[in-house]
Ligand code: BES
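Below you will find one chain, with nothing else, as structure tokens; this is the form predicted on its own, and questions on how it binds or moves follow later.
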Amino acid sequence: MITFSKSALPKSGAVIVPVFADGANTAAFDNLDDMTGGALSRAVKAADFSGKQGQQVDVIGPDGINNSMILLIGVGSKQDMTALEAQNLGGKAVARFFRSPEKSISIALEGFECDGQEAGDLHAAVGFGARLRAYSFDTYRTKAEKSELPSLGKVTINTPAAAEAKKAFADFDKIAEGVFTARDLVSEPANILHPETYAARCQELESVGLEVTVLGEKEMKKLGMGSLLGVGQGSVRESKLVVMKWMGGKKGQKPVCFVGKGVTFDTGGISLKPPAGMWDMKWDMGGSAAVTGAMVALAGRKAKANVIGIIGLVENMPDGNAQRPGDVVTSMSGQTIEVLNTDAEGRLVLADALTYTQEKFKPAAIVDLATLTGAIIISLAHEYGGCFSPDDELVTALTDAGKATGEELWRMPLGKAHDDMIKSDIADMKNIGGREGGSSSAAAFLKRFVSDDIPWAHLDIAGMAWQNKDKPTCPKGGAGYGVRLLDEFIRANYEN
């Protein structure tokens, strides 16, 4: 729980104090230093602590102070302080004590300010970072040691701007709920989260104000979704298409649509993946998780925009009824696809989802998200999502949203040469284009299912949905990447 207080010093629990690198001590540092008889100054000198990013110093609470520990965290230059760096401060504070004996901590922010940022907004961002980092997925741990489980239950942000920070934090809190929704979905094992149970979880989101509709295989067959249904025909689990609506904008205003790939487990199908590492494919539904989480965030903070999330849910399995390499399927758009590799399945799911989205909702813009290609990881590592679009204005809006939230995008090429790569000898197209430019040829495949008069972008987030190491505002595991990006995209471009 994150709370805000004007109190200068709590009666118990560890205290965290930010320290700037340029010698501009905060009032919180100076006050605590006086109260401890200069203990902070002595600790800084002994540890050769300069306040650089990443530096931390523990100071045992001196006699007369009720707090067990004071933690100094370097936050870098005051001139370089941003809302994202403030979030990192909150995240680092929680990371230090999340599984410690401490049950409560306080972050002392008196005098923690920078040019261009209201204190209340900056201090709310610290609380947001703390909230984001205070996440764990321990559902299936029945014999964990006490020291391995979270103990921290309360984080207090001590700030003279407590009222302003609390107000600004209200939206952050709802966005965090969306991020946690996405992280939970990505973290669930595939025997628990399959298309049917995933769709059921989405239906439960009506409790936050979303209007949810679920299409089963019978309805999708009627619509001619041969591309999506072909992927799931080897599974005993029924494929689903879920529609989540948040219509908080003006009546009659065209909605923005988010479309997500939801392959709840990807064996590769008949084009079977190597066994080593296949367990990671439980998170091949990361695009759909981002869409679902974003819809939770938008509904939670009552966004003044019309937004619809559409996710295609399938399980790609290799049984006797599975799709074969060389099969030809007919998509909802009427275009035929030669399936040369059943492990290039995400684009087949998105193809029909994109067609359905356009025909059903006539959107103002479409953004699809998918853990689509391993090739994007080769290009961008685990630092950026790949952004593909012929629309410069939409790309700018999305990349700006990525920079503002720390969920960054990098524009990738999408041209005629990539479209030529997916020409088929016997059908309208094939579902693979070769090793070279694999992410771009996959995007070119999707582009064939989007009308030229609709602004559209494809985000390949294969390198971002799961992270293998802790980061300041996200522990190792499901990242929830895309939720904050999509929320900011709507806030900056459709609510004002």
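Model, not experiment: these values are computed from the prediction. All residue numbers are counted from 1 along the displayed sequence.
The form predicted together with the named molecule exists for this protein as well; it is not shown, and the discussion that follows is about that form.
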message: Using a 4.5 Å heavy atom cut-off, which of 189 to 197, 374 to 382, 249 to 257, 90 to 98 contacts the named molecule in the predicted bound form?
response: 374 to 382
message: Is residue 82 near the named molecule? Define near as a heavy atom within 4.5 Å, in the predicted bound form.
response: no
- prompt: How about residue 343: is it within 4.5 Å of the named molecule in the predicted bound form, going by heavy atoms?
  reply: yes
message: My question is simply whether residue 283 lines the interface with the named molecule in the predicted bound form - judged by any non-hydrogen atom within 4.5 Å.
response: yes
query: Is residue 59 a contact residue for the named molecule in the predicted bound form, using a 4.5 Å heavy atom cut-off?
result: no
field: Joint contact, 368, 484 and 492 to the named molecule in the predicted bound form, by non-hydrogen atom at 4.5 Å
entry: no
query: Given that the named molecule is left out here, which of 462, 457, 443, 40 has a heavy atom within 4.5 Å of it in the predicted bound form?
result: 462
task: Name the residue from 32, 432, 44, 450 that puts a heavy atom within 4.5 Å of the named molecule in the predicted bound form.
output: 432
field: Residues within 4.5 Å of the named molecule in the predicted bound form, restricted to 236 to 268 and counted by heavy atom
entry: 261, 266
